[in-house]
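Okay, so here's just one chain, in structure tokens, the form predicted alone.
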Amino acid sequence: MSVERTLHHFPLDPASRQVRLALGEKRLPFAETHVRWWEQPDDFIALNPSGVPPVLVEETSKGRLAVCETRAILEHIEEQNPEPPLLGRDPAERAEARRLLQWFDRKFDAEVSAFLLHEKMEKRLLGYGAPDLANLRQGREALRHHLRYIEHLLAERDWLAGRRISLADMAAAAHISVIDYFGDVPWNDVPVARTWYMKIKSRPCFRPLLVDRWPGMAPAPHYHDLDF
């Protein structure tokens, strides 16, 4: 059955980037609509009453389906397109991938992104003034903790959840890539995490993220380099 997909998203949103990576890794074509979510546009609210991107809209001969919120979209993609599997092929790896999805979407987001991305991106979009230096310091210190945890996981694994790339890697890379856009990742201090990020950054699914730009917010000079 033919499926026409449109992803409504914000390019520098970690949640949206997870879905883009999953669609790209499964080689599922999709059109894109950029959403200025902070303006709460009526047409987007009609798709998702929470006003939060991403939303994946699928058109088929049977009708139209709007799938809202990141985890629901990722699970939908996995159910409808099981190959290649992005939750692992055995129960242990699937459980670990789900645990790490929750880790990055809840713990990393609250301890790192809520400070760094709020100060560097959201305040600018919302017109809230200059970044708070204390919040930036707190976010950067928490980022170092999470990068050390990534290195701990990779000490005995090829990818974060096990032997194969999974949604856990995509969640981590989606969050970290936006912070890297603003140049706040101390890559020289975490060589194992840096090698992992270079691996996922070199995959075809990641390439569209490297050309993302938003007016008034230029990326760090190394952002688009595969060998940085």
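So that there is no doubt, residue numbering starts at 1 and follows the sequence shown. Here the structure is a predicted model, which is why all the values come from computation and not from measurement.
Keep in mind that the form predicted in complex with another copy of the chain is not shown, yet the notes after this line are about it.
Partner contacts here mean any heavy atom within 4.5 Å of another copy of the chain in the predicted bound form, and among 89 to 97, 129 to 137, 154 to 162, 116 to 124 they occur only in 89 to 97. Taking the partner from the other structure, another copy of the chain in the predicted bound form has no heavy atom within 4.5 Å of any heavy atom of residue 192.
Remark: residue 28 does not count among the residues lining another copy of the chain in the predicted bound form, judged by a heavy atom distance of 4.5 Å or less. Proximity of residue 79 to another copy of the chain in the predicted bound form falls within the 4.5 Å heavy atom cutoff.
Shown alone here, residue 59 lies farther than 4.5 Å from another copy of the chain in the predicted bound form, counting heavy atoms only. Within 4.5 angstroms of another copy of the chain in the predicted bound form, the stretch 100 to 128 places a non-hydrogen atom from each of 102, 103, 106, 107, taken in sequence order.
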